[in-house]
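One chain comes next, on its own, written as structure tokens: the form predicted on its own.
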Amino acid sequence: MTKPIVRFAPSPTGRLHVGNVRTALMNVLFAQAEGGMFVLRIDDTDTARSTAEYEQGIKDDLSWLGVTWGQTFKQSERFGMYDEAADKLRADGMLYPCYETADELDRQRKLQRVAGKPPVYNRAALELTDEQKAAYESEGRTPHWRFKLSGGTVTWNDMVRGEQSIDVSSLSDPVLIRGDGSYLYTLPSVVDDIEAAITHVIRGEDHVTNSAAQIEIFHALQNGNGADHLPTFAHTPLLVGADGKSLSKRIGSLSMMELREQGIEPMSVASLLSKIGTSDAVEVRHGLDALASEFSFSKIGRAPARFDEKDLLALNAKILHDTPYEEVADRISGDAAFWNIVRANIEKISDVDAWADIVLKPMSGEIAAEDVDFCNAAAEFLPDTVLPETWSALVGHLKTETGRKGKGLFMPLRLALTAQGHGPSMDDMLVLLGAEKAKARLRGESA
């Protein structure tokens, strides 16, 4: 196989979310595995909704994930190429003007359903005379332009779904150009794939039907002479939530920007999205190279891939538990000793802040009335220098002196020192707090 050239084509009308990042990763990992090139195409033909801020956000999100691209371009800078392609299709009789309004098309579909026919465009516009077209335009109507499908069967071998066959007579001729002259996705995408020599189109399975029409457009633009450039397609199952339902209503909270602000690590996102829906176990990998070395379309199942935020947090925690201080020094308060003790008790880097407040800032713990004398006795026993073995000595002494044991022995001390019923081992925490601060808190003072 020649080295692949793949593309990811987001629209800069919003931030990247887990669904389209998964598609980006499939392209990136396949290209890296085969020594190919990843192209970032900005699909900004919708000039009214596309913004430079979102475009930069897309690039920032991909960079955060460790994704680099060998080439990038914007569709808004290539309208001349799309105009030339449209002119060719018109000249070849493959692109024809239609004057129906949205209401008229809706009425047509309803009548077809009543008659038991599929709601496919009836191609009435092909029968219009020049006079009829002129009459419509005199009314102020401007045409939208449809591509004339062959009416035959389009087949291809999909790298995920296997042999695919679609009877395009069951489809409406797709609109390529709106009445205002703006392009829909379909034509610019094909033009760009030809021009950039894209070898593989990897995207979600919601595009399967689109592929049949696009394959015919590929052939029409290249004259269908048998030497046409046609990419190989791979349509991956869509992403759903842990409950099997669409993520569409929650997609804002699952944007890369939101996850980053929550303190999620990029490789936890990449590891999860690369492994769910495959035969591989969902495990942490520490770089895209490692994920690429394990990537194969043969591992991708046909069922929807389930995205569970609990899995994301588990992977995120695993990464942080193994992360050395040097890699987080500029992101946290506290020194290496502090990090090495608290990291096993966090799921997100932002969780460190709570432990920093407990260890580094003045605070009062929680002491129940019945535990006041017990905690005072603990303060009296503590030496002026706290060592790793001090906690065990303290607990042993208090057990002998008071007869307390189990939770009734250690929990009042933990609450007095940290106000938390869980956390790092107290022998480590006591060392972090130091004797002066620990004694004060055991006496119920703020320290």
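None of the values given here were measured: they were computed from a predicted structure. Don't overthink the numbering: it's just position in the shown sequence, from 1.
The same protein also has a form predicted in complex with a small molecule, omitted here; what follows describes it.
Undergrad: Go through H207, K318, R109, H286 and name the one with a heavy atom inside 4.5 Å of the small molecule in the predicted bound form.
TA: When the small molecule is considered in the predicted bound form, the option within 4.5 Å is H207.
Undergrad: Looking at S268, S189, T236, S274 here, can you tell me which has any non-hydrogen atom within 4.5 angstroms of the small molecule in the predicted bound form?
TA: So the residue touching the small molecule in the predicted bound form, by this definition, is S189.
Undergrad: Does each of R7, R41 and Y185 have at least one heavy atom within 4.5 Å of the small molecule in the predicted bound form?
TA: Contact check passed for all of R7, R41 and Y185.
Undergrad: Report the stretch among 112 to 120, 161 to 169, 199 to 207, 307 to 315 that approaches the small molecule in the predicted bound form to within 4.5 Å, counting heavy atoms only.
TA: Careful reading of the contacts points to 199 to 207.
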